[in-house]
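We give structure tokens for two forms of one protein chain below, kept apart as structure 1 and structure 2.
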Structure 1
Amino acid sequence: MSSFGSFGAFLDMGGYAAFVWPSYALTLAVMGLNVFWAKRLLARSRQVARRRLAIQEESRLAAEAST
């Protein structure tokens, strides 16, 4: 199936290991960061929305109490 005779040969990438592996590592890191950033953005905007709703609720209750 594969062109590599051994695991060592696979790691060596025909002498191009210093170029091939960092390319793959960087691309996978970019993918991981994208997932992390997206989850963080969503979590933060949900939190901000929740806080804003809580403040609105408080001021509504305060207005009701004063009438």
Structure 2
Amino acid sequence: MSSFGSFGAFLDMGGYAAFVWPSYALTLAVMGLNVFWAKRLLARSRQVARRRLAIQEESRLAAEAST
């Protein structure tokens, strides 16, 4: 059995709801932003890596063509 008598009592968190629910919301927001920023950084890193590989390939082909 739960320590809360009703769903309303659960939402009230024993009078600490003003502290508990914003903490959960802030934690969820930070975790969501962390995932968003990580995905964005990964996409940018992949783009930079592709650009560098393309430049290397162009340099290699130019070197082969000049020999």
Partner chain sequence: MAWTWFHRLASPPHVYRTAERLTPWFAWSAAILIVAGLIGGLYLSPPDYQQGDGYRILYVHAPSAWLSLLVYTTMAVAGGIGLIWRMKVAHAVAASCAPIGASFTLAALVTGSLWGKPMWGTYWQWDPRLTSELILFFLYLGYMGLRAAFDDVQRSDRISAVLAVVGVINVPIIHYSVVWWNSLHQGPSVMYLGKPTMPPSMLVPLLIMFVGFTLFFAAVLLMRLRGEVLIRERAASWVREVVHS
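Rigid core: the largest C-alpha set superposing within 1.5 Å between the two forms. Numbering for residues begins at 1 and runs along the sequence of structure 1. Everything numeric here is computed off the predicted structure, so don't read it as measured data.
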Which structure would you label as the form predicted together with its partner chain, 1 or 2? 1
Rigid core superposed: Ala54 CA moves 2 Å or more between structure 1 and structure 2: no
Just checking, between structure 1 and structure 2 and with the core aligned, does Ala43 shift 2 Å or more at the CA? no
Superpose the two forms on the rigid core, then give the C-alpha shift of Gly15 between structure 1 and structure 2 in Å. 6.2
Superpose the two forms on the rigid core and tell me the Cα shift of Tyr24 between structure 1 and structure 2 in angstrom. 2.4
